[in-house]
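So this first bit is one chain, no partners, the form predicted alone, shown in structure tokens.
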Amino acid sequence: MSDNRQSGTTNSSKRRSMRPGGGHGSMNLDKADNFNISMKRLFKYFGRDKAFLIIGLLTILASVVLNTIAPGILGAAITNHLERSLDINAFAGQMVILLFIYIGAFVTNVVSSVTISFMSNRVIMRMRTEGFNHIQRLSISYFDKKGIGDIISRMTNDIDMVYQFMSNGFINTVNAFFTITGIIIAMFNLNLPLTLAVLATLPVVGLMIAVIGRQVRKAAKEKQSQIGNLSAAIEESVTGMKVIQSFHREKSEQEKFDSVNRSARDASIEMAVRSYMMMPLMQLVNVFGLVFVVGLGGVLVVANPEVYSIGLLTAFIVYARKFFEPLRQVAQVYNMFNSAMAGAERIFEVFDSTEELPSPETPVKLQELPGRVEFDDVSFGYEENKPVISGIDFMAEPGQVTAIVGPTGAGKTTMINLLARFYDVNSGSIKIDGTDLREYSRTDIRELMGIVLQEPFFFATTIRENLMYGRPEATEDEMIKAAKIANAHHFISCLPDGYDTKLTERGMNISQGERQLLAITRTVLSDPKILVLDEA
């Protein structure tokens, strides 16, 4: 293995002050187009589960049909077998039929709920997978701009809002549509004046849903944004706990968190208030509608008993209640729908984020090359017009140990970031064996080199799995040999479970020095052509 060891920076005339690893990358974030586009994109996820969707829709339709014909049978039974002629046996037979109808409606309702729930979980799993895979391809500059807590909130809280609508709201929406359609048809078949009396409330309901719905959607998006800020604040506080306690800044952090927490609380209250406005207003409209139907029906029964019977009025009262119930569901689901769409827009903002720096269409293949590294008049800044390094020139020959030294903030870590192509240079070029870094594929570049960072990261799994992370096919002997080269084998062997010792998140159950030794072991085991040590 040839060692080209990069650990530092340049002379003072060619640098700009900046903390190691600091700065912000440029980010090109294409936001989700708009509400309608987001809705269409969301429903495209149902495409792979058309069979479940069709079964769910058919069983919902069957349940609605059975529930819709039941009041007509009840009204006819009262009119024909109790009101106009007394026939208890015939009436009892109709009630048995009615019982089986309601049992059938119950069974089809259960089937539809289970089917839609199964489909929703499959859809949400695909969304999470797509989101996670996309995040893996995002440029480092994206994470410079976006808080980790906010990204986590989008992938958990926002996706959960979408799931809640898919699993519950979708069923209620389809059920309400079929129910309202079926009831309107049934009522028209029974009596036109009473049907028009029931339908008189629709314009008022539509206006309320349109006006309040826009307010709910705006409030829902703000609420989700504030929850993202809250998650980011918690994540930052937990990650920086040592710094907070070292400088006795607990009270200051509590005050900052209280401010973010209050904003999240206020956004949630605003969302709840706007959502709850819908239900009392819907209830009021429903009460007026029922009173109007009962009052008009009573007058018509008295005025024209030959046409308007008590059985007909009973059927219409049942239909009216069944008609207004899905309207209340629509109002409630619309609030859920707006919350889901607000979450979907935030999710699609992540999906639409620019991925990692592009590889060339026809990349140069990395063969068994010597591994010469050359910085040719390299300049770079994380932000426009704020250069971090400027005019850097040097060459690291194969087999040569090259130390680049300089004070903190001189740009040493920045040079490593450029060499690994986490960022592209603003001007000049970085070459490996005479070929510009940008002409290679990112995968080939990162397989060529091994980097030990100042703050090594470890996953919450065994030491063995962490060491083999970069080379899973390595043998036990190769792993132990690499640990001995890095002087890590002794301390690992002294642990109760040796290489099978479980590390906590970030490896915080071992010392900083031990984490550094493990990081060097992991890099040595990957057998890189170019070894880069960032103050390791």
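Note that residue numbering follows the sequence shown and begins at 1. This one's a predicted model, so the numbers in the text were calculated from it and none came from an experiment.
Below, we turn to the form predicted in complex with a small molecule, even though it does not appear here.
Per the 4.5 Å heavy atom criterion, the small molecule in the model of the complex is contacted by stretch 383 to 391, the sole one of 383 to 391, 460 to 468, 86 to 94, 346 to 354.
Using a 4.5 angstroms limit between non-hydrogen atoms, Thr408 touches the small molecule in the model of the complex. With a 4.5 Å cutoff on heavy atoms, Lys223 does not count as touching the small molecule in the model of the complex; it lies far away. Heavy atoms of Tyr423 reach within 4.5 Å of the small molecule in the model of the complex, making it an interface residue.
Although the partner is absent here, Gln454 lies within 4.5 Å of the small molecule in the model of the complex, judged by heavy atoms. Proximity to the small molecule in the model of the complex, defined as a heavy atom within 4.5 Å, singles out one entry of Asn335, Thr413, Ser112, Thr201, which is Thr413. Interface residue among Glu270, Asp436, Asp144, Asp150, judged by heavy atoms within 4.5 Å of the small molecule in the model of the complex: Asp144.
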